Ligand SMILES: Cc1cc2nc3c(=O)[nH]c(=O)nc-3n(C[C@H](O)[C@H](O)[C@H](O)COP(=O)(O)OP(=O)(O)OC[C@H]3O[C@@H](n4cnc5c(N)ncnc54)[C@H](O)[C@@H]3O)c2cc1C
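A single chain comes next, written as structure tokens; it is the form predicted alone.
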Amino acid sequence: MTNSTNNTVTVTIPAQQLPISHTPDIVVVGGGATGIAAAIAAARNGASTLLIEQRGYLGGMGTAALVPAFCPYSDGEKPVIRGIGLDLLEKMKHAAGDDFLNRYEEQLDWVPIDVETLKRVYDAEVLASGAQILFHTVTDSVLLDGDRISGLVISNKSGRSVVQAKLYIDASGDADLAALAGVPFQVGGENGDLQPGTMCYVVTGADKERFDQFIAETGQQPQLEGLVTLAQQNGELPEGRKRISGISWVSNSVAGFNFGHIFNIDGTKAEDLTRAAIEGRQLIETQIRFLKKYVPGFENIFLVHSGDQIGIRETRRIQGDYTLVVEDFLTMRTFEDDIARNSYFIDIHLANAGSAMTIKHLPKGKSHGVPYRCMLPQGKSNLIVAGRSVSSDRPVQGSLRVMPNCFAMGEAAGVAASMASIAGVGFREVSIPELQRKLVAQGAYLGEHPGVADADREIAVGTIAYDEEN
């Protein structure tokens, strides 16, 4: 044992010879919205693809953390997230049963998540694409050869082994693969402060008819700010978030909640995630007591599921070939290398119980471009990073981070990876016009991008009562 410079006790592990367990064209690390779309897109476009996920199911924050609803797919007038992401939303609606479909068939914004149905949909769609899935597996180190990743060391019940691929997609949400590969990144705000996490949960035994009647009679908004404030004044809820920001009705008796914050959580640290899990479950108990006492329709609820982990909004942001900044958002900028459009508002949650949220909307019907370059990490040729950890400033990350956007970025990364694999080149050598043509042909929306035909189609845009604080 030796002491390192930061006084951490270290142990030298003997060199190991590890078997090569998989040799796909493309490996995707992370099975959330980003990784699901990336794997499907890569496999559909002819590349052998392996999707690695640490849990025993896909879905990331939407299933592991029980985020109760999908953020908007539309700009208020039309869907801007289409392609694989929109297709998965529609498949969940149809698989969830007639009652759910009748309730939400025309909805594109804030559609509640039926978690168990969504898990099965994700399994089926990824496997149907031809991609392989490897659950219960983590990547613990990266093998490098100059500016290229030459392999990943993975660990699971089968032991440690090496995965060797031509190209690598980091869809971890936390830029885990990029960080292991030495890509520079930023974390949080100027002082390292991070948005809080939320432990989401699902209850049964609710009475939606009674709840709706209470709302109609009192004029209370679904956020129920007055009741939350009263409970805080009475010491029955902790200070902080003033509203129930999301009651998502899966049925007339089952509802999901995104309510309350756990502060000072770094989602890249196991110790913080452990504390957040314990504190989060304690907070749920407090919130259940509040709901039963204060909110009509919830007197007889029973907790059936809390998140496997706390919902994380923000961790690392890579340094890429281009950094998307707030001016790009506000001016609704279009880029020559756009691979997606984003219309979700800037949504930065309070860093502590005494601070305020930052919310900034674009005009209805408007969006900005997401350039391919913000997914290309500096210093690596065969790695692409998609999802909430792309290269952006903090305000823009507060907009890009939601699941519909992650689907769109993941799909673009998967198509680009398949093109690079077939051509035998790195991600920077991919033809942008050809990538854009493929995305549009496969249903993605890139707006009125020069040289790219608009794949617009008629889809109704609906809304439901769900607060804008996901």
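The numbering used is simple: start at 1 and walk along the sequence shown. Everything numeric in this text was worked out from a predicted model, so none of it was measured.
One more form of this protein should be noted, the form predicted together with the named molecule, which is absent from this view; the next part is about it.
Contact with the named molecule in the predicted bound form, judged by any heavy atom within 4.5 Å, is made by just one of Ser431, Gln54, Gln442, Ser48: Gln54.
Listed residues Leu224, Ala179, Ile312, Ile346 were compared with the named molecule in the predicted bound form; Ile312 is the one with a heavy atom within 4.5 Å. The stretch that touches the named molecule in the predicted bound form, counting heavy atoms within 4.5 Å, is 402-410, out of 39-47, 415-423, 433-441, 402-410. At a distance threshold of 4.5 angstroms between non-hydrogen atoms, Val250 is out of contact with the named molecule in the predicted bound form. The shortest heavy atom separation between Thr139 and the named molecule in the predicted bound form is within 4.5 Å. Within 4.5 Å of some heavy atom of the named molecule in the predicted bound form lies at least one heavy atom of Trp110. When the named molecule is considered in the predicted bound form, Ala171 lines it closely, a heavy atom lying within 4.5 Å. The three residues Val115, Gly256 and Gly297 each lack any heavy atom within 4.5 Å of the named molecule in the predicted bound form. The partner is not shown here, and in the predicted bound form the stretch 409-426 never reaches within 4.5 angstroms of the named molecule through any heavy atom.
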